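Take a look at this one chain, the form predicted on its own, written out in structure tokens.
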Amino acid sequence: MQLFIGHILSETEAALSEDESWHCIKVLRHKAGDPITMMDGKGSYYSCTLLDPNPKKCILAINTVDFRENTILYDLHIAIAPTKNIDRIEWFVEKAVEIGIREISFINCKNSERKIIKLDRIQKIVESACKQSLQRYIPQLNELADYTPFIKNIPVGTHAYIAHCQTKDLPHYTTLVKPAGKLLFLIGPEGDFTMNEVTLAMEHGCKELSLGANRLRTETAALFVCNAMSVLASL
């Protein structure tokens, strides 16, 4: 199924973004009258007819709507320090969306080697992964934030965890985490969190944990969490 991401104009009409419109008209060569399937990223698929094949803004007539509630029992939020090699972060984002994630944040830590993130590019990867994996809900993507204010503003009611290698014999994640409610995992940079950062997180309600005996790369650790929560939720 070919999916396009768009937004609702009225009860009877919708529109595609400029990028989606260009792909629809210039790449796939759709014409007026063609059937189009659109998603809004909020749980609904729309069966539409292409009214105005404008490569800058396609207008669609809405025929039917298919809405489905999100059936995932947990809201997974990963806060990750961007890696020096941006390809690794982009790989993580794509795969995390395919597995199922609700929110992604980027955090600037003391040992971070990358201080700039091009969010527009990452957003395109998120949307492409949603369409490819038929995810009805587009995850929230947040701007790069400094570590301290991010920790101090963790929403009330969030079950927050910090994975690090600074201390041995940490509790294994399977003994601490239940895949339910709002979950936040903090994943540090390639040089790991500092002990001061770990302490600050714990002072604000985070629990420290281990992801296993192996030392994982930043993007591997983040993706491991996504997969582990999906598996635990299915048991």
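If you're wondering where the values come from, they're calculated on a predicted model, not measured in any experiment. One-based numbering along the sequence shown.
What comes next is about the form predicted together with another copy of the chain, which does not appear here.
Figure note: of the listed segments 139 to 147, 95 to 103, 154 to 162, 112 to 120, the one touching another copy of the chain in the predicted bound form, with heavy atoms no more than 4.5 Å away, is 95 to 103. Taking 70, 63, 174, 196 one by one, only a single residue has any non-hydrogen atom within 4.5 Å of another copy of the chain in the predicted bound form, and it is 174. In the predicted bound form, another copy of the chain lies farther than 4.5 Å from every heavy atom of residue 12. Proximity of residue 220 to another copy of the chain in the predicted bound form falls within the 4.5 Å heavy atom cutoff.
Another copy of the chain in the predicted bound form comes within 4.5 Å of a heavy atom belonging to residue 224. Interface membership of residue 216, defined by any non-hydrogen atom within 4.5 Å of another copy of the chain in the predicted bound form, is confirmed. Taking another copy of the chain as it sits in the predicted bound form, the stretch 146 to 161 never comes within 4.5 angstroms of it through any non-hydrogen atom.
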